[in-house]
Structure formats: C-alpha cells, structure tokens
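Below, in structure tokens: the form predicted alone, a single chain.
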C-alpha cells in the first residue's frame, strides 16, 4: 500500500498551488492623476479608493477569469496634459491595457485623442480608457471614440438634474456662474445658461466668468463681485483646491445663499468648510452615502475607514468602474482582447451597491445613472467626511438622469 506522509501531502499541495498561480495573471490598471501639487489630495484619495475597490471587490473574491488579480499602478501626471501623455506612454510600454483617469477634462481630452491614435496604429497593443470623473460633454459627443468609457455623468447631465431642482425654488431670482478656465469650466457655464433660460427664464444671470485653474491664491476679488451682484445663488464646477478657495472666500465675504457645486465634498474640503458650509453647500452627484444605499455599501465604507482612517469614499463611482470592468472581462473571457472587453461593457446593466441601476449607453459610452442633490450638513450623517462630523445628505433625486438625452457621437468601431 502506498503511504502518503504529511510532508508528501504538503509538497503535493504546494505543487498544486504553484501550478495554479502559474496560470493566474495580474491585470494592471494605470491610474494617471495628480499625486503632487495643489490637487494632490484629490488624486491620492482617488488612488486609495481604486486600490481598495480592486482588493475588496475583485482580489478577495478570487479574481476574474482563472484567478487573475487586479493591480492599480499609480502615475503622477501633476494635472498636466503633457505629463499625462508621457505617463500614458510609460504605462503602455509596461504592457498596461487599462487606463483610469478623472481629474481634469483637459487631461482627459489629451488622453482620449492619444489613445485613439495609438490604437489605430497598434492594433495588437490596444488599451481602454476608463474615465471616472472627467465630465466635459465633448468626450462622449463630438470627440467620442470606441476606446473611451465615462463612468460619471457628464456636465450637461448633471446641470440638467441640478437645474430641475433649482427651478422649483421660487426665491431664486439672480444667479452667478463662476468656474475654472478650461473645457470643463466652460461646459458647466454653457449648460447652466441653457438650462436656466429654458426652465426659469425669469432668473437673471448676474455674472458668468472663468478664472485660471489651480493658480488663484486669493478669491476675494471674485467673491466681492458675487456679493455685490445681488445673486441669490452661485453655480460652480470648481474642484479640489479651487473649490475650497472659492467657497470659503464667498462665504467669508458675506454671501448667504446656496452654492451649487459638482465637487464640494471630501478630500479635505468638507472638513475645511465645517459649520460655515452647513445648509449652504450643495452638490450634484451619483451614489448615496447618507442614507447609505445598501448594507453592502455600509460594510464597504466601514472597511475602507478601517484601512484609511483619514480617507473618504467620496467617489463611489470608482467602485462601479472596478465592478463593471471585472464583469466585462469575465463576460469577454479575456483581459488581453480589449475589443472584446469594450464590447462587453457596451450596453451593460449593472446594479451598484451605492444605489440604482447603471446603464452604459452603447452609442456614446456614457454611463446613465441616478443623480442626487446632496447638502453639506452634520445632521443625519452616518458617514462623515474628513472625520469632521460633517458629510453630505441626499435632498432630492433624479432617476436615470438624461437616459434619452441626445448625443452627437458618431463612433468609429474597430
């Protein structure tokens, strides 16, 4: 009779595990965003959310395909389109096929054009662009391409939902629009003007201006103009240090109305506003934190805070990116054939733990989802931001916002 010793069992088990590991691969995702400079806190917190989502949603669940694991590889683009293109090439040279970026539509426009050109020239070395936060409408309209997928609502969709809420406020008579001077800031301003004129033609737009992105140290001159204009509300698409600088200055200079924003939460912004922003700061966003949408999301948030005590899940769409990419790779049966993965993403319906059904619209690769107007407060907050006691609470919602909105995308497919 053949006897198997404990040593023999251990050796056999190790052999099986090593053989399985040999077949498993690492699927790398390049994270190209600011990790230094004025927007470093926004980029770093986004990186942590990507790393955490990949670990919890994919790796700890056994990976994709035959146990392939996700790995997030960070590249600091210093919020520069030129530097982003350099980092994109470094990532491609390392064999990375998935590119994630979100901070700055100027960067996103540069990346999507470069990726489209690269993929046409290198059909055996194609990559996909997973845009998780850059919301210039042109990216899924005139500049759309097959390789780009946007997981955030674009600026027009957000403004449509936001102005639906604003239009119901009969006390609003004058509105001041201000933003960063680049493609996204201009898109926000144009959408605000168009939507207000259509929904509330009686509202007077008493200011509409842009300021240099990431360069204004003192927003007092802008704030004084806003106050002197007699505006009842402010609309801004500012993000990062520019959002905090503008918002604090406007409040400190005596403005008492609501400030409607796109990105005024987390990454130190909520903690810095504190009591001064209570019931003043409002933002349009996807995902529900307070009240939390599902028990799965609650446990995810608790686990995230245990790992990153000073961090926030302030971009829940990042978890949607990881979840949908994993599902697409499994459906395609490969991570190497990005055409197959992109085809699986097109038209995908996905149940988000952060609430609601998501739909990746195939004609322009724009994700359609529920949008919510949140208010900055310390009341009814289960999950605060920046350990400040303050967070965002859902005030109103628009289901599957802009599902039938038009697009000028004329997508060329491989």
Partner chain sequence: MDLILVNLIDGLVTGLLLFMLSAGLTLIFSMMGVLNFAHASFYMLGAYFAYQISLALGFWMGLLIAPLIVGVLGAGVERYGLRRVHQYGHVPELIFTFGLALLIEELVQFLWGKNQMPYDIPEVLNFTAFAIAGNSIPAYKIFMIFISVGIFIGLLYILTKTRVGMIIQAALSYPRTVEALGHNVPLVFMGVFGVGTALAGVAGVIAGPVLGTFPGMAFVLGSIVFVTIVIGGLGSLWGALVASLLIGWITTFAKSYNVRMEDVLNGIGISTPTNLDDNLFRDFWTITSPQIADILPYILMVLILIFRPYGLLGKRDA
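Computed from a prediction, not measured in an experiment: that's the story for all the values here. Numbering follows the first chain given and starts at 1.
Not pictured, yet referred to below: the form predicted together with the partner chain.
In terms of contact with the partner chain in the predicted complex, the residue from 215, 278, 199, 174 that brings a heavy atom within 4.5 Å is 215. For the residues 291, 95, 333, 221, the 4.5 Å heavy atom test against the partner chain in the predicted complex is passed only by 221. In the predicted complex, none of the heavy atoms of residue 187 sits within 4.5 Å of a heavy atom of the partner chain. At the 4.5 Å threshold, heavy atoms of residue 303 stay clear of the partner chain in the predicted complex, well away from it. Although the partner is absent here, residue 252 sits close enough that one of its heavy atoms falls within 4.5 Å of the partner chain in the predicted complex. By the criterion of a heavy atom within 4.5 Å, residue 210 is counted among the residues contacting the partner chain in the predicted complex. The stretch from 36-44, 62-70, 355-363, 373-381 that comes within 4.5 Å of the partner chain in the predicted complex, counting heavy atoms only, is 36-44. Annotation: in the predicted complex, residues 225, 228 and 271 each come within 4.5 Å of the partner chain through at least one heavy atom. Along 226-251, a non-hydrogen atom within 4.5 Å of the partner chain in the predicted complex is carried by 227, 228, 241, 244, 248, in order along the sequence.
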